[in-house]
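Next up is one chain by itself, shown in structure tokens, the form predicted on its own.
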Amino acid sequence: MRSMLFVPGDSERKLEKGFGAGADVIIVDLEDSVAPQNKATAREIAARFIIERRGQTSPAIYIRVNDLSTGLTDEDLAALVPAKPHGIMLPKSNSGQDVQHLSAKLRVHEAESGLTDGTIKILPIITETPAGALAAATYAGASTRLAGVTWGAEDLSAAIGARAARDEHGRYTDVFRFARTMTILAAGAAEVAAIDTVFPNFRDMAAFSAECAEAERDGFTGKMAIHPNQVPVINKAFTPSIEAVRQSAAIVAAFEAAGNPGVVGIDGKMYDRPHLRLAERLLARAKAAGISG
């Protein structure tokens, strides 16, 4: 999951365009981008669109449902689970317990739709509430459905009364850097993908590209997009280079050839077990992206 593109569920035109953008995952949105009076219509349009094109699309399909506190989640699931999405994005998740709650609901809807238990994965947005940001450690072991974790700044801004999430230089302020950091650590603890949040100014591609590079450097394995033009930039930033793949393959091969010791030497440089783990992770990402050394 390098690129995840949000597409409003109530617009067939935008769904059509989104599914052709080259994203690894399309997030069909029933939440923020859909007005309250359009929720029912969005469910109908999204379900019909996904069912009609289910065998013709290459991106994975996730549905961003309305959060558990709204009372709309069950209606979202009832309408969209029969369309057999790959996953559900859970907004405003307060803890691993919310993932377990959603998992229980999915179990019922999967059974009613003839799907195998556990088929549909869950990707929670874990920092949109203060409680969620402080509960990042609770996602480890919460559910086998957990595919990754991601974060958001806009709802957290509203929840805490912050006038802005970034300073005059475009950098996140301390509270939001904390939320970002906790997301990376939560993903590492749960051994799932860490997905970076959206970059709202889709016209500033230079700043967006720089943010993608920083996210990949820091341990994120993908990023969410709000515009199709952002997708190629994300895919490039989060696809390991051929040189990096070859270097990682050499490290793995050296450890295997030496009988998996604590440290190996390659061209006069020493590599220990953390280097091996990093190399294995990069090779796994490369394989998922269809890249080999």
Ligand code: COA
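The first residue of the sequence shown is number 1, and the count goes up from there. Note that the structure is predicted; figures quoted are calculated from it, not measured.
The next section is about a form of this same protein that is not shown, the form predicted in complex with the named molecule.
Peer 1: Mark Arg43 yes when one of its heavy atoms lies within 4.5 Å of a heavy atom of the named molecule in the predicted complex, and no otherwise.
Peer 2: Answer no; every heavy atom of Arg43 is more than 4.5 Å from the named molecule in the predicted complex.
Peer 1: Under a 4.5 Å heavy atom criterion, is Arg203 part of the interface with the named molecule in the predicted complex?
Peer 2: Output for Arg203 is yes: heavy atoms within 4.5 Å of the named molecule.
Peer 1: Mark Val7 yes when one of its heavy atoms lies within 4.5 Å of a heavy atom of the named molecule in the predicted complex, and no otherwise.
Peer 2: The answer is yes: Val7 has a heavy atom within 4.5 Å of the named molecule.
Peer 1: If we define contact as a non-hydrogen atom of the residue within 4.5 angstroms of the partner, is Lys17 a contact of the named molecule in the predicted complex?
Peer 2: Residue-level check for Lys17: yes, a contact with the named molecule.
Peer 1: Just one of Ala79, Ala165, Val192, Val198 has a heavy atom within 4.5 angstroms of the named molecule in the predicted complex, so which one?
Peer 2: After the contact test, the surviving option is Val198.
Peer 1: The chain here is shown without the named molecule. Which stretch in 43 to 51, 226 to 234, 258 to 266, 243 to 251 comes within 4.5 angstroms of it in the predicted complex, by heavy atom distance?
Peer 2: That would be 226 to 234.
Peer 1: Taking the named molecule in the predicted complex, which residues of 27 to 51 have any heavy atom within 4.5 Å of it?
Peer 2: Going through 27 to 51 in order - heavy atoms within 4.5 Å of the named molecule in the predicted complex - the hits are Asp29, Ser33.
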